Ligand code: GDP
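This document opens with one chain alone, in structure tokens, the form predicted alone.
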């Protein structure tokens, strides 16, 4: 397995970070290829517990080179703060094990400002943004009105480019939203505080990846969020503003010639969702609160409670197809141990008919869950390390999910720690 992508199959928060942290033992390079600081990958290892928002989850493995690719929304402020937090816990960080693409566009302070202003304008029609500036950033990127990280290495060119962008951006801030204008002095202060610090890490990562590929190095591509939040294939408009699917990995990483040998899709043993939009399998009341507490379902970035529900087979099967998954990692199976019976959203009911097809986004709000129940196991499984150590009911649940979604479950996670995993 030379090139492998680890991707989310559902709404995000499936446990991709813990799987990247685990699987990097077999890889030489880890690349984040899209998204920004609007989601968190939780990792627990010998250094402690981390919620990584921008740093690739391979940063803890000695000898692994970690790359922020050109498809990433590069937020220097949050990145530097995250680097300081990780380094403070003894994790080595240097330009040898962390590289930033010179072609990555920089998320500016006005992107966060505009994100908050637009959510406020939308009021009760808001999309549930994390207000990290992601949508305004990608909008500007596709308008070719962003600063590339490599421009930080050319100060005079950077200053001239910034002045042009500042004049244009202030028109939006002041005339559309009635917000204060940004001054050049404020921008220069921000550049000094954060961008200067990350300059040593900026390089031609495309050249590095091409060389790594020619040397037969193993490359792991790390996605953010999940298939249902993908800009093109997700639940429009309640999506992120980048492509979270595996097919984008070669482009967003800086190695468009790469061919993926494997795609590990990560699926939680139940469903969770942060943000607005249709969530067909959603639980409410005491039932939802019990599952939320058992799974500690609170956003790694926002801290806000996640919406929860049973595993949605229809949505998961669609996510597997969109991602082209070759193998599944089923996470948080241990969370379900408190249940007498395990609910599963096995089908949808739409227009009075039972369907297994994932609807077009405009129809999704009309779909109703068809819930079935599987026997629970009612015992602690967090210590299991082999398939045989799982109780029969837990094995039956995994096998049922595997059959329904049409993809082999090769990993079963029974805890957040790196070694709390069963290989099948």
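Small disclaimer: the values here were computed from a predicted structure and weren't measured. Residue numbers count along the first chain shown, from 1.
Keep in mind that the form predicted together with the ligand is missing from the display, and what follows is about it.
Among 40-48, 357-365, 61-69, 384-392, the region lying within 4.5 Å of the ligand in the model of the complex by heavy atom distance: This holds for exactly one stretch, 40-48.
4.5 Å heavy atom contact, residue 335 to the ligand in the model of the complex: Residue 335: contacts the ligand in the model of the complex.
Proximity of residue 271 to the ligand in the model of the complex, heavy atoms at 4.5 Å: Residue 271: no, not in contact with the ligand in the model of the complex.
The ligand contact in the model of the complex: residue 240, any heavy atom under 4.5 Å: Flag for residue 240 set to no.
Residue 407 within 4.5 Å of the ligand in the model of the complex, heavy atoms: Although the ligand is absent here, residue 407 would stay clear of it in the model of the complex, with no heavy atoms inside 4.5 Å.
Neighbours of the ligand in the model of the complex among 386-423 [non-hydrogen atom within 4.5 angstroms]: Contacts from 386-423: 413, 414, 415, 416.
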